[in-house]
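Okay, so here's just one chain, in structure tokens, the form predicted on its own.
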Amino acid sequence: MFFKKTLRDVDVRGKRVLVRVDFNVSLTEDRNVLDDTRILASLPTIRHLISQGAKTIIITHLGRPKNYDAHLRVDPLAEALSRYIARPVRKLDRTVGEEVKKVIEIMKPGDVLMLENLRFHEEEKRNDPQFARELASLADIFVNDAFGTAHRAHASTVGVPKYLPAVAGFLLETEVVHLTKLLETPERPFYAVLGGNKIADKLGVISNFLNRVDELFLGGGMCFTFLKARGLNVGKSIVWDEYLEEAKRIMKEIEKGNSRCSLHLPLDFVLAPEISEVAESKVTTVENFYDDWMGLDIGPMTQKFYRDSLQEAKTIFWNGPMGVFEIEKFAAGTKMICETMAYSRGTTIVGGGDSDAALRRFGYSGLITFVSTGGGACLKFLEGEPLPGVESLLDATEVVKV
């Protein structure tokens, strides 16, 4: 269930529609789009607007520029979008101002315009009211289709809706519907796999999952904080000491029976003295860690246990690789998770850019039920936190006045 107004609820014929997308994609050295996943994900919204005769004005950010950066102009995005929708996408070198307004005035129904990188304006990230008003003055209706930035309270996500009727695009709606079902009505057993290095991004999710998932499997760099919290030697592996107490608290809650789920940590690891393709590597159990080595992948015993366990699930959520999958000798654990997810008979949901990259690297991206386009936003949602970019939209019961 989605409790916000969507694009279906508004008449966009002949209207100027400002669409916030998340086209923050990777580019090659010669500035061609390397990963078009996010562009493809917003095509249903853009094509709908074109078919309805709207004047579509697209805004996005790209990278993390400090004011203007010629290498982060959005021209490659406009060129890529033009190929996908088979019509010209005019791109302007400005984001707001009289020049932009003049071009919009001569737009015809079905035309598509892309404005320059939002983050060339420092006012965007600080949600400056004047910048939000300037953006809003360009259009009659605002559509937010940028789930990847929905956890950010920026001018283009929460500022503009103060001045325009604001509804969700089809991508944002789909994201929220899938993740809401995951939290509220998953088919059981419901298992979650969490990896990656940044434990700070995952602790809130783990806490919220304690009474929602049936089994929780940890890997990647984040698991070493939990292992150290158990008093185990983890050598030179990455450890976030500031989160040791929180890791202890979570494990105590589970041990006391105060949670629904069971927690599983790796049984063995692939170790190396450094992150390198030519580094010597060895497999050892968690009790026999080498002092000057680091864990760079889960080991074969863990892989078998995780794979066999996950085959029982009817719903699986995965975020974060099990190791340094970009290097072949440390990729087996992450590849196993990709394969297990792909061939699961249940619902499979993946969140996070690294997990999506792993799926594509190993050829399994088309075999997943749903892959979220927003790593940070996905995790915030699964923590149970409201997303500013969603909260700022019109409620489903409100009347749209355009």
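Each residue number is its position in the shown sequence, starting from 1. Keep in mind it's a predicted model, so treat the numbers as computed, not measured.
What comes next is about the form predicted together with a small molecule, which does not appear here.
Colleague: To verify the annotation, which of these, Gly299, Gly148, Gly169, Gly221, has a non-hydrogen atom within 4.5 Å of the small molecule in the predicted complex?
Modeller: Exactly one residue meets the criterion: Gly221.
Colleague: Among the candidate residues Glu277, Asp308, Glu274, Glu326, which is the single one with a non-hydrogen atom no more than 4.5 Å from the small molecule in the predicted complex?
Modeller: If I apply the 4.5 Å criterion carefully, the residue I get is Glu326.
Colleague: How about Ile238: is it within 4.5 Å of the small molecule in the predicted complex, going by heavy atoms?
Modeller: It does: once the small molecule is placed as it appears in the predicted complex, Ile238 has a heavy atom within 4.5 Å of it.
Colleague: Is Lys202 a contact residue for the small molecule in the predicted complex, using a 4.5 Å heavy atom cut-off?
Modeller: Yes, Lys202 is a contact residue.
Colleague: With the cut-off set at 4.5 Å between non-hydrogen atoms, does Gly196 touch the small molecule in the predicted complex?
Modeller: Although the small molecule is absent here, Gly196 would touch it in the predicted complex, with heavy atoms inside 4.5 Å.
Colleague: Any chance Asp354 has a heavy atom within 4.5 Å of the small molecule in the predicted complex?
Modeller: Result yes; Asp354 sits at the interface with the small molecule in the predicted complex.
Colleague: Considering the small molecule in the predicted complex, find the one stretch among 213 to 221, 260 to 268, 84 to 92, 130 to 138 with heavy atoms no farther than 4.5 Å from it.
Modeller: Heavy atoms within 4.5 Å of the small molecule in the predicted complex occur in 213 to 221.
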